[in-house]
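Heads up, the chain below is alone and in the form predicted on its own; it's given as structure tokens.
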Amino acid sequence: MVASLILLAPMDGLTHVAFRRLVASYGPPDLFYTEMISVRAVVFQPPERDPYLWHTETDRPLIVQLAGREPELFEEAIRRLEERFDFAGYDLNFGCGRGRARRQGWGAALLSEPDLARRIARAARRATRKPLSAKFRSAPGHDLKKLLSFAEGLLAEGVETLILHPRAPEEGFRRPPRWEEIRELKRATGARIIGNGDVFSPEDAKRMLSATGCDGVMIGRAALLRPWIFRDVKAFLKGDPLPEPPAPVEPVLLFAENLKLLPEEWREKRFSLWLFWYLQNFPFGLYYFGRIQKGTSIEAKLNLLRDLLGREEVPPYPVSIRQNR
């Protein structure tokens, strides 16, 4: 039996090198993903100087997720990355429905432009022989016929792996994901399918694999709260007991140290972006977050966190998301 893939989801502003290194320190996923990177940035700026592309030997194999809407820029961006780096593959973003992507007509907007999405996939395939995947949401209104047609178009252009988050773009995270659409996508295409959406525990990962027949599970928000979840999922799938969680303050201290891998002007904002999620592990986490925001430096915030989290314990799975951003 082929082992199921367990992947870290690309998350804008969050899955940078500092966070990926934190995840790797506890037990890496089978594949890391960068956060969403604009093809325009890769083409019109020196890629080797772009912090979105910085990585280490610990956060590998690493897939670059690319976003945009001009096929020729996807092709040129991948060619430039191929010349300068040794990434494990590339992912096409057809799923993001947040501000920047929505305004630019990237991401989930392309679900309504299947011909353009196919041309993007065709251009990307021309530029590389490395693995090529596409991450997308359900079709608007959960039109299954359109979802399958969109997917089959990408497969026809050389995309090898399809990653489905089965919520429609207009839903955000408001409604439960329809895992049955992952099952139908696998049944209808026979392609390599990765499921994504509301995997909040090792048990959820096993349940998704069993219920949908997918080839792997991609974990996003739960990894922000539990950077060690990949270690736990792999242990659970093997039938091993779950390792003990770390002391609550430990991941915070490790992450703060890893932030030195990012430009100095990025560090405080990225620290706060992650803490918003991580502190939701604890009953008063959102209150803690409000208090910590008053700190004038990362070091001041760490001193307060040492005190607050010294009284806490990491609760059992499943992860509980109290607030989304």
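Position 1 is the first residue in the sequence shown; the rest follow in order. The shown structure was predicted, so the numbers you read here are calculated from the model rather than taken from an experiment.
Heads up, the form predicted together with a small molecule isn't pictured, but that's what we're talking about next.
Asks: Within 4.5 Å of the small molecule in the predicted bound form, counting heavy atoms only, one of 183 to 191, 153 to 161, 71 to 79, 217 to 225 shows up; tell me which.
Replies: Every other range fails; the passing one is 217 to 225.
Asks: Check whether Thr212 has any heavy atom within 4.5 Å of a heavy atom of the small molecule in the predicted bound form, and answer yes or no.
Replies: Taking the distances in the predicted bound form, the answer for Thr212 is no, it never comes within 4.5 Å of the small molecule.
Asks: Wondering, does Asn196 line up within 4.5 Å of the small molecule in the predicted bound form on heavy atoms?
Replies: Output for Asn196 is yes: heavy atoms within 4.5 Å of the small molecule.
Asks: In the predicted bound form, is there a heavy atom of the small molecule that lies within 4.5 Å of any heavy atom of Val39, even though the partner is absent here?
Replies: No, Val39 stays farther than 4.5 Å from the small molecule in the predicted bound form.
Asks: Evaluate Arg98 for contact with the small molecule in the predicted bound form, applying a 4.5 angstroms cut-off between non-hydrogen atoms, and reply yes or no.
Replies: Output for Arg98 is yes: heavy atoms within 4.5 Å of the small molecule.
Asks: To verify the annotation, which of these, Ala24, Leu309, Met11, Val17, has a non-hydrogen atom within 4.5 Å of the small molecule in the predicted bound form?
Replies: Only one option qualifies, and that one is Met11.
Asks: Identify, from the list Tyr288, Phe271, Trp277, Phe282, the residue with a heavy atom within 4.5 Å of the small molecule in the predicted bound form.
Replies: Contact residue from the list: Trp277.
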